[in-house]
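Just one chain is shown here, as structure tokens, and it is the form predicted alone.
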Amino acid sequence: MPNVADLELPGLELDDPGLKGRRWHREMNGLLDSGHWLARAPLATVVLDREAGEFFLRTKSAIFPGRLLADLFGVTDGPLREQIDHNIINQEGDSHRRLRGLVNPSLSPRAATAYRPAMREFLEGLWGSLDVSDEFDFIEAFAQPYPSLTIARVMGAPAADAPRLHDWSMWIQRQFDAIALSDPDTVATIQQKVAEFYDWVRPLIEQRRSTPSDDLISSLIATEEEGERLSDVELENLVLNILVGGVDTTQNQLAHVMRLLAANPEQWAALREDPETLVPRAVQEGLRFEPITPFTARQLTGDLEYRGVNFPAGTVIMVCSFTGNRDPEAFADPTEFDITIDREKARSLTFGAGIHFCVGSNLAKAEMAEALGFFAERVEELELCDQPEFQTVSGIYGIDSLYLKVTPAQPTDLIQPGAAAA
């Protein structure tokens, strides 16, 4: 049986800052056409196939390699290492099951839905301050402030703290970006941002212990499972995990969906005609077609055999959601962005799979759906003004700028509020 290290595989330079935009699509589509289900990347083996991706994400013989990544780049102490060691994604076994059991009720579909009125309020405020007579940067106007305001509301923090929450999220999220971790100055900044967050959240937690409210922190404080509660360290790190996973990610996934809809005006028109059906599909299709988490890592804890190949213990696997989400056996017309196709029977790999499936997925989908429904009511036509400025796929695959021009809907054309709240 061949060892994975001995296979002749196509190469993929994941640490290349130029791997983005059209080149990213071109290279990954080329790998799809090559017939290979594996590729070679620096420090890792890339899994391109959906079925294999599900296997490695779900196997009990693998863990998330957060501590390994930190060790490789010399992050051995300081606030960032403290956060990495306590991050729920780096917990396994009984410790992970306990934390998920305690946090899941606070981020259930029902809990996420409860924040929709606040989401709508934030969108209305942002829209009211926008001059729609000219082109505007969707990132600056909506995609950046909207998730930050939402996460502030979710945490029970003042709206004035939203910019700081955004800044912390953008920096701390970079702990998963190998390109960022290779720069000592960037690591030093991330260390500082983690420390700032801890200094901010600890008094807020203490305040919520004495004066609970209808927010996430109060919910986590009150959550109990079989007599167990969250410790102070667990609580502050869960809140940090939700911040890191709930701002930068939602900002960029929403931006990609709006970019794709602006590039496909017939689909935007269809969404406006039937938002109840097509807003949820647009959310799912955006997550499938342009995942902002193109790779999810695992490290094998023991030797593993799969498809006649031996994967030794310690092997780092990078599951590619971009290629996995284009499996023709799971998705009809998988290389096309099309919100009119019902793809509900197959779930994308964008939020991962298995025990580390994204804990904040319900909140992210609710934010995106509320935003798309809001714009469907108010925007008759979307137009891309220029090519977006894409970020690298190492880490979160985001967009730095997205200039749009809109044709506002006439009052008689407005869709009734709430039509897209499915």
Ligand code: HEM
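Predicted, not measured: the structure shown is a model, and the values here were computed from it. Start at 1 with the first residue shown and count on from there.
The next section is about a form of this same protein that is not shown, the form predicted together with the ligand.
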Pick the stretch from 122 to 130, 188 to 196, 295 to 303, 310 to 318 whose residues have a heavy atom within 4.5 Å of the ligand in the model of the complex.
295 to 303
Report yes if any heavy atom of G360 sits within 4.5 Å of a heavy atom of the ligand in the model of the complex; otherwise report no.
yes
Does A44 reach the ligand in the model of the complex if we count a contact as any heavy atom within 4.5 Å?
no
Contact between V279 and the ligand in the model of the complex at 4.5 Å, heavy atoms?
no
Partner contact for N241 in the model of the complex: the ligand, 4.5 angstroms, heavy atom:
yes
Please state whether all three residues R100, H356 and A364 have a non-hydrogen atom within 4.5 angstroms of the ligand in the model of the complex.
yes
Would you mind picking the one in M368, A376, L382, A62 that has a heavy atom within 4.5 Å of the ligand in the model of the complex?
M368
Out of A157, L80, L107, L149, which one falls within 4.5 Å of the ligand in the model of the complex, going by heavy atoms?
L107
In the model of the complex, residues of 176 to 199 near the ligand [heavy atom within 4.5 Å]
none
